[in-house]
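Coming up is one lone chain in structure tokens, specifically the form predicted on its own.
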């Protein structure tokens, strides 16, 4: 299926391409293109550039800094950033907690938190998962006990992405043990510099420090940091997850396809390019067919202010494709994917490479992408959601 766009859409696409060409430094583009390590400063630089242009928070209400784009413009904007090898936008502030704040927060909270999210001067992380409470989020045990004009928070959050860089964390906490588990949860915003917070790194199988455990010991949080009503946090949490699950993956999936085809065209098997080997070519073709299905569905979804049940299907299909692409790429690289040299993933590494330059990030990406079927609610949970919302089961 070929996407057909009008002249206005094509003009907008050219505008985005020119913006990227004028503002993305060559070394930063190279890092993204080669799959090398990006630091906080890299993400922050690009987010500030987008904000200067008014394009950092396109899904926000216009009066708060958003834009009135058609669905096709949202689609093109996200795709052109990936095609241009721009750093991805960290979603925790702008894409996740911000919609909760401007939908359910009071005016004071909007004025206090949204400007700092918009200019990337404050970074956020997500305090949902706990030891023993992953996809079964309603079983969380981190408690917040009211003490005058503060809550006293005790408990543990885990798999907390980039907590080592975060200034604030949005947390689900238990404020009541009565009724159903979902009915006693509240949504708190917590300053990560508060006394009693300890961050412990978790080094993942790909060797990176991306996630952490966060421990709360008698952490005092002002009541004014409560979003909405006490014990109604489950409603806000589900709202936030719709945005997390519908985060665009099309551009990244297309980029993975381009990289896969390039590598498979260079790698040989029985004297011919791997890409021409019938069995492997069939698997690549199957990936591309599924990608086009995802592409069309995402285009239909992007323009919605609040995603619906289709966000669950996008999450399932998109993460399955991420894993498939990383698997095929690792297969294409073959034994050159075996060496693990962490420093080779940093721009400027000048030691002799083991195999082609494209080999170094292949295995780490494959291992890292095992997580995609689990975060934001496991894919099994997403199928349950679809069975209820769509099939009425």
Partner chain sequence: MDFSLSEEQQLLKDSVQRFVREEYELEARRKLVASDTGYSEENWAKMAELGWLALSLPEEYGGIGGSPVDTMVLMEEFGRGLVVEPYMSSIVIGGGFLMAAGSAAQKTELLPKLAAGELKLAFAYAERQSRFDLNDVECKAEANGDSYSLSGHKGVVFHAATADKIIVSARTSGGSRDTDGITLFLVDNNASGLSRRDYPTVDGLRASELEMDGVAGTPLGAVGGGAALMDQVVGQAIAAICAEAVGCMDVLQETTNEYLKTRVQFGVPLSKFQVLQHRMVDMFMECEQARSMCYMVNLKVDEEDQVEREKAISAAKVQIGNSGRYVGQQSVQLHGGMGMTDELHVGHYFKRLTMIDTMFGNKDHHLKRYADL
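All figures in this text were calculated on a predicted structure; none of them were measured in a lab. The term rigid core refers to the maximal set of C-alpha atoms that superpose within 1.5 Å between the two forms. Residue numbers count along the first chain shown, from 1.
FYI, the form predicted in complex with the partner chain isn't displayed, but the following is about it.
- Taking the partner from elsewhere, residue 10 is found to have every heavy atom lying beyond 4.5 Å of the partner chain in the model of the complex.
- Although the partner is absent here, residue 30 sits far enough away that none of its heavy atoms falls within 4.5 Å of the partner chain in the model of the complex.
- In the model of the complex, residue 337 approaches the partner chain with a heavy atom inside 4.5 Å.
- A residue is said to contact a partner when one of its heavy atoms sits within 4.5 Å of a partner heavy atom; residue 24 fails this definition for the partner chain in the model of the complex, lying far away.
- Proximity to the partner chain in the model of the complex, taken as heavy atoms within 4.5 Å, picks out 287-295 from the listed stretches 287-295, 143-151, 107-115, 85-93.
- The candidate spot formed by 205, 268 and 387 lies fully in contact with the partner chain in the model of the complex, as each residue has a heavy atom within 4.5 Å of it.
- Though the partner chain is absent from this view, in the model of the complex it lies within 4.5 Å of a heavy atom of just one residue from 64, 341, 67, 347, which is 341.
- Listed residues 227, 316, 221, 162 were compared with the partner chain in the model of the complex; 316 is the one with a heavy atom within 4.5 Å.
- After superposition on the rigid core, displacement of the C-alpha of residue 145 between the shown form and the other one stays below 2 Å.
- A displacement of 2 angstroms or greater separates the C-alpha positions of residue 296 between the shown form and the other one, with the rigid core held in common.
- With the core held fixed, the Cα of residue 279 is displaced between the shown form and the other one by 2 Å or more.
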